[in-house]
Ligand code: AMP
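Take a look at this single chain in structure tokens; it is the form predicted on its own.
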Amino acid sequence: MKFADLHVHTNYSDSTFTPEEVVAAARDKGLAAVAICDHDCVDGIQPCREFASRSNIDIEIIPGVELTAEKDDAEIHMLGYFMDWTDERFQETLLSIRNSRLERMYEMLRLLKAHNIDIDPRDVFKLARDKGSVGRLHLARAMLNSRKVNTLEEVFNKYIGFGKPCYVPHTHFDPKKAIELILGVGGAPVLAHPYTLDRDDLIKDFAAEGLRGIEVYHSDHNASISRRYEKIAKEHGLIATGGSDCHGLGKENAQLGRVKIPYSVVEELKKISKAR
């Protein structure tokens, strides 16, 4: 039986893994497919494919993306699969979102300085490899390197977690627009890690707006939580997907392949994309 991990990041967003390391790790885990879902960025897809081809590694690299949206003061992550990621207007929209990430980062750095934590922006962007899709995990790692905090948990729980004093929301991007963006380039939109969102009331609305699946299986979901979302997915006719949400060594509890799903789920997502 073939398996896939449908939520993996590279260092083109906030993972510590290069595309080469992602592909090698997927091979070592015996996966048939892996979806590259960087934050607001698709630049890691082709390097993964090229390395797999060059190294004769028989693994399918699924084009994906993780878009960040907000609704009712909740941060919502929307995954997209099998979209035409080379579409020019799609690329332009992602670039605009990444530029807003830069502005957001400078504002968080300003707020941290007001809380007596002065981080050099260059230390953050160095971790992001100046690729533009800079995020809170880069900032958290820079804060750890500065020795002004002790753990990632402290960084998020005290400073930059959602609703904390140095948190800055993304430039407003409605989840309906995220769904439409993915559908508009032939992709299948899926709600990421719904348990961390904790807004199950929104899923019905998302389904009506074109959502095609829910990430039922995730590193932050235990068996009970997964059963809860299996039921919700069935109620709304949504595909139950899953992935580790691997960020390399950035999230130790979410190693690549920790969550894997039958390849039949990949085939369901492909059908949606082909139908569109």
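Numbering starts at 1 and runs along the sequence shown. Just so you know, these numbers come straight off a predicted model, no measurement behind them.
What follows is about the form predicted in complex with this ligand, which we do not show.
Q: Heavy atoms, 4.5 Å, this ligand in the predicted bound form: which of 88-96, 71-79, 174-182, 115-123 makes the cut? Say which one.
A: That would be stretch 71-79.
Q: Which one, M83, A192, L137, C166, lies within 4.5 Å of this ligand in the predicted bound form by heavy atoms?
A: The option sitting close enough to the partner is L137.
Q: State the residue from L102, L111, L197, L152 whose non-hydrogen atoms include one within 4.5 Å of this ligand in the predicted bound form.
A: The option sitting close enough to the partner is L152.
Q: Should F156 be counted as a contact of this ligand in the predicted bound form, where contact means heavy atoms within 4.5 Å?
A: Because a heavy atom of F156 falls inside 4.5 Å of this ligand in the predicted bound form, the answer is yes.
Q: Can you check whether H170 is within 4.5 Å of this ligand in the predicted bound form, heavy atom basis?
A: Heavy-atom contact with this ligand at 4.5 Å: present for H170.
Q: In the predicted bound form, does K251 come within 4.5 Å of this ligand, counting heavy atoms only?
A: Contact check for K251: yes, within 4.5 Å of this ligand in the predicted bound form.
Q: May I ask you to check whether H221 falls inside a 4.5 Å heavy atom distance of this ligand in the predicted bound form?
A: Flag for H221 set to no.
Q: Could you run down 232-249 and flag each residue that has a heavy atom within 4.5 Å of this ligand in the predicted bound form?
A: Contacts from 232-249: just H247.
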